[in-house]
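Just one chain follows, in the form predicted on its own, and it is written as structure tokens.
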Amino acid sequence: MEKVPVKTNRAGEAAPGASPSKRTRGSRMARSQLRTAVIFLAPAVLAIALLRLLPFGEAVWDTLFKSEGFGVLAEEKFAGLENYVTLFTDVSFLQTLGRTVVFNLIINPLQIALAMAVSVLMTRKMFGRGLWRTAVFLPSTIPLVGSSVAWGIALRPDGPVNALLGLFGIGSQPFFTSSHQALASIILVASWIGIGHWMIFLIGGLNSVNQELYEAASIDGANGWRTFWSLTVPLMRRPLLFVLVADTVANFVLFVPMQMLTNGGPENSTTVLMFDVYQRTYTFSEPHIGAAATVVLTVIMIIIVSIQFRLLGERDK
């Protein structure tokens, strides 16, 4: 006997007016769908709770205490907001905070603009396009530690980059030993890795744009620059937002190049918040103040990411 399908709404519930047996069957279907959703989502929710929310909650709790004494004999005492007061009255922390904001204001637009430019170029018809894409993407497959070692060798005073500059009559540059060049050199290392990584996401977005729109723009006489600003950029808003948010978070917690290449120097010129947290916690043995700096870093990231999402939401209306 052929079964009569039960009409259900989007939630899997039986439609109004259905018979009691159909309502029961629809209710079972809804419960089954809910059970399936819970089973598939539970591992991800559990991982987020255990690996993200719980450690952050512990970090917030740690900021309310301070240690008195040394080593295992140190006594934990409730300190309220004293650790935050200590941070925000510390001139070096305020300088680090400002340096971190400036670092991100430079590196994020720079990486996204270059990744977008390369993505547009890599979606054009050109000889060896796949080979060029691989060449640009390859640096992002190298671990950050390996990339930092390679650039540390390339940019040292007697390295190949300075040798190449010497051919053009330019003197040896103190890339990682000058307080005026160290942060820019870190930006170069991070961008060498980041541009190829974000390019992949942007190429995916560009390939999803309806090509008929470009043909229509061409028929209307729009040049390449006008087509890019009036057609490509608006249609790439969501991929760009994803890349912007992910890139912002990645650069706020960037740590390896600073630790390996400059150790936060010279003259603290490459000390950003993430490296400052490491120093306070493990070098200066101030875990509670380090936890407070972590909370400040997280709050700043949440505020900036919220602004980025808010800007996109307003544009979608």
Partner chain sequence: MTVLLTILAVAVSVLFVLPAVWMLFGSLAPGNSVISNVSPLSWHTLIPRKWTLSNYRELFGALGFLRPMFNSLFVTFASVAIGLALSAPAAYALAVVRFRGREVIFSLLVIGFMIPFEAIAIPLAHVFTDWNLDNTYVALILPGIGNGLAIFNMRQSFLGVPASLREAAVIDGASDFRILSRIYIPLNGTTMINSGLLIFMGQWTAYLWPLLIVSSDSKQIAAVALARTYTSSLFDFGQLFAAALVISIVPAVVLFVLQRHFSISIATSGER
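Between two forms, the rigid core is the largest collection of C-alphas that superpose within 1.5 Å. Quantities reported herein were computed from a predicted structural model and do not represent experimental measurements. Positions refer to the first chain, counted from 1.
Note that the form predicted in complex with the partner chain isn't included here; everything after this is about it.
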- Message: When the contact criterion is heavy atoms within 4.5 Å, does residue 116 count as touching the partner chain in the predicted complex?
- Response: no
- Message: Within 4.5 Å, heavy atoms only: does residue 153 come near the partner chain in the predicted complex?
- Response: yes
- Message: So in the predicted complex, is the partner chain close enough to residue 69 to count as touching (4.5 Å, heavy atoms)?
- Response: no
- Item | 4.5 Å heavy atom contact, residue 88 and the partner chain in the predicted complex | no
- Message: Between the partner chain and 137, 146 and 259, in the predicted complex, does every residue show a non-hydrogen atom at 4.5 Å or closer?
- Response: yes
- Looking at 190-198, 98-106, 214-222, 80-88, which one sits within 4.5 Å of the partner chain in the predicted complex if you count heavy atoms only? 190-198
- Task: Note that the partner chain is not shown here; using its position in the predicted complex, name the residues of 237-272 with a heavy atom within 4.5 Å of it, in sequence order.
- Result: 238, 239, 242, 249, 253, 255, 256, 259, 260, 261
- Task: Superpose the two forms on their rigid core, then report whether the C-alpha of residue 263 is displaced by 2 angstroms or more between this form and the one not shown.
- Result: no
- Message: Aligned on the rigid core, do the two forms place the Cα of residue 45 2 Å or more apart, comparing between this form and the one not shown?
- Response: yes
- Message: Rigid core superposed, CA of residue 253 - does it shift 2 Å or more between this form and the one not shown?
- Response: no
